[in-house]
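Heads up, the chain below is alone and in the form predicted alone; it's given as structure tokens.
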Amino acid sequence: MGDSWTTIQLQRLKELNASQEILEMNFTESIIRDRMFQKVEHQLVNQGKTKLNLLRLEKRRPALLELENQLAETLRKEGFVQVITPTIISKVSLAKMTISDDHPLFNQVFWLDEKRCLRPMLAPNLYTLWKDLNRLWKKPIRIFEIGTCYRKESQGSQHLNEFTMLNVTELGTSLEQRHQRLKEMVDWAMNAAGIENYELITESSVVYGDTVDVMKDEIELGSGAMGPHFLDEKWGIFEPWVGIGFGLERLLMIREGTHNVQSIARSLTYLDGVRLNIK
């Protein structure tokens, strides 16, 4: 069977965003493995330096911000208005989403005090805007937000405590067009992100009931829902709607082919996907 990378070597290679082919290498002798490790590490460090120089001299902004711009530009061209809402929300708003003390997501929330928390999702604020804009704008009302959300997620290669969400919503969609409209939203986002060969799967959510999930290589990139919905009445919403949310770091992880979502997220350890403990 031969020798595979040591635990320390494997961890270092993952930090440097080695390909799956490299991570799965085997060797007939440990001395050959160790020499190969030195060679591969040197190559990956040089690649990282090249990428950092590209960021400094040409791009001047990380890929996560570029992706935000690409998505926002695409959606504005399709007639959607970008909004920004508070990061701090009330316990009452979460309760309207059925996230009360006994809800599975309640313990994942970062609470600031007994009445306020950091938002774990964008939906409560968008529901609030819907109610007011429904009086002021003609339907359909098309809005989207790109913003940071916070959850006490289990740490791993696909989870973050602080992550960036995109929510695209349309209030006043005709009942007959909801599924088609949801598919169009998925296509716009995936095209803007440069991701192909994804699939849509119907699942059940603890908040929204039946959802349409966007999957790529067994990784969930987004989840969509439609109304009328049992949550709507709590917000004074009675029209049909469609909406979908995407995790931008996961979109970027798939597009860039990285193994660790933390490498392309907000970080003091990585910059634009490059581990900074290199020389």
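So that there is no doubt, residue numbering starts at 1 and follows the sequence shown. Predicted, not measured: the structure shown is a model, and the values here were computed from it.
The next section is about a form of this same protein that is not shown, the form predicted together with ligand ATP.
- Only one of 182, 141, 165, 117 lies close to ligand ATP in the predicted bound form, with a heavy atom inside 4.5 Å, and it is 165.
- Only one of the listed residues (178, 151, 103, 96) places a non-hydrogen atom within 4.5 angstroms of ligand ATP in the predicted bound form, and that residue is 151.
- Candidate site formed by 16, 44 and 259: none of these residues places a non-hydrogen atom within 4.5 angstroms of ligand ATP in the predicted bound form.
- Though the partner is left out of this view, residue 243 does not reach within 4.5 Å of ligand ATP in the predicted bound form, counting heavy atoms only.
- Although the partner is absent here, residue 227 sits far enough away that none of its heavy atoms falls within 4.5 Å of ligand ATP in the predicted bound form.
- Although the partner is absent here, residue 171 sits far enough away that none of its heavy atoms falls within 4.5 Å of ligand ATP in the predicted bound form.
- Proximity of residue 159 to ligand ATP in the predicted bound form: non-hydrogen atoms within 4.5 Å are present.
- The stretch that touches ligand ATP in the predicted bound form, counting heavy atoms within 4.5 Å, is 246 to 254, out of 246 to 254, 64 to 72, 48 to 56, 231 to 239.
- In the predicted bound form, the residues of 213 to 238 lying within 4.5 Å of ligand ATP by at least one heavy atom are, in order, 220, 221, 222, 223.
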